[in-house]
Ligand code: HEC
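Below you'll find only one chain, the form predicted alone, shown as structure tokens.
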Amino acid sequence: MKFIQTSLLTLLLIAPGAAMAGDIDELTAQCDSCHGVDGASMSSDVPIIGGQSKKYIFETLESFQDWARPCIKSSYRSGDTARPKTDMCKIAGGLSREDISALSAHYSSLPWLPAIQDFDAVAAEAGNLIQQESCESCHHEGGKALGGLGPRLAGQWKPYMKATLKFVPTGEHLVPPTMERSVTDFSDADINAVLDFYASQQD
């Protein structure tokens, strides 16, 4: 089974249609039409990708090529929004390895701009403890570090993360076994708390 790095997140990219191979400007313009300018998503159901690690972005796109993540149809968020919905397996399937390398290098070089969103402060305190006990080994520094086994979670959109997590226990979103066990064992309150903690990290 392929090792897929993810967050509670993390981690599904939702991007638009495939661009011509080798044209990085066109590729990034297409991605930004869903993920926002420089990958700083303004849509709570679409993940922030600017500032994630090169390795994580590369492996995430490869995982979509392998159908190792759910491929949910999504509308375009800018440009011609009347275009038919698309999904990440279709997008990634049209990318060459060179395209994936170029996109990974581009978005990893950009600053991480955390989402400004509401969160429950009391729940976030409880979530901090859960993060330290169950998530810190892969998502270092409270989910802020890029050097861990998983992606950056601190400041990611809470609705996106919550929607992603529901596919972990079903096996539709492949994650490391330790994360699968943790997510499966978490109560709904545990999940909401840790997501509130990540959502609270807005600086």
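The model shown is predicted, which means the values in this text are computed figures rather than measured ones. Residue positions are given as counts along the sequence shown, with the first one as 1.
Another form, the form predicted together with the named molecule, is not on view; read the next lines as being about it.
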Give a yes or no for Pro47: in the predicted complex, does one of its heavy atoms lie within 4.5 Å of a heavy atom belonging to the named molecule?
-> yes
4.5 angstroms heavy atom contact with the named molecule in the predicted complex for Tyr76 | yes
With the partner left out of view, is Gln65 within 4.5 angstroms of the named molecule in the predicted complex by any non-hydrogen atom?
-> no
Might Leu27 be said to contact the named molecule in the predicted complex, defining contact as any heavy atom within 4.5 Å?
-> yes
Thinking of Ala123, Gly143 and Phe197 as one candidate spot, does the named molecule come within 4.5 Å of a heavy atom in every one of them in the predicted complex?
-> no
Stretch 55-73 - residues with a heavy atom within 4.5 Å of the named molecule in the predicted complex = Tyr56, Ile57, Thr60, Leu61, Phe64, Arg69, Pro70, Ile72
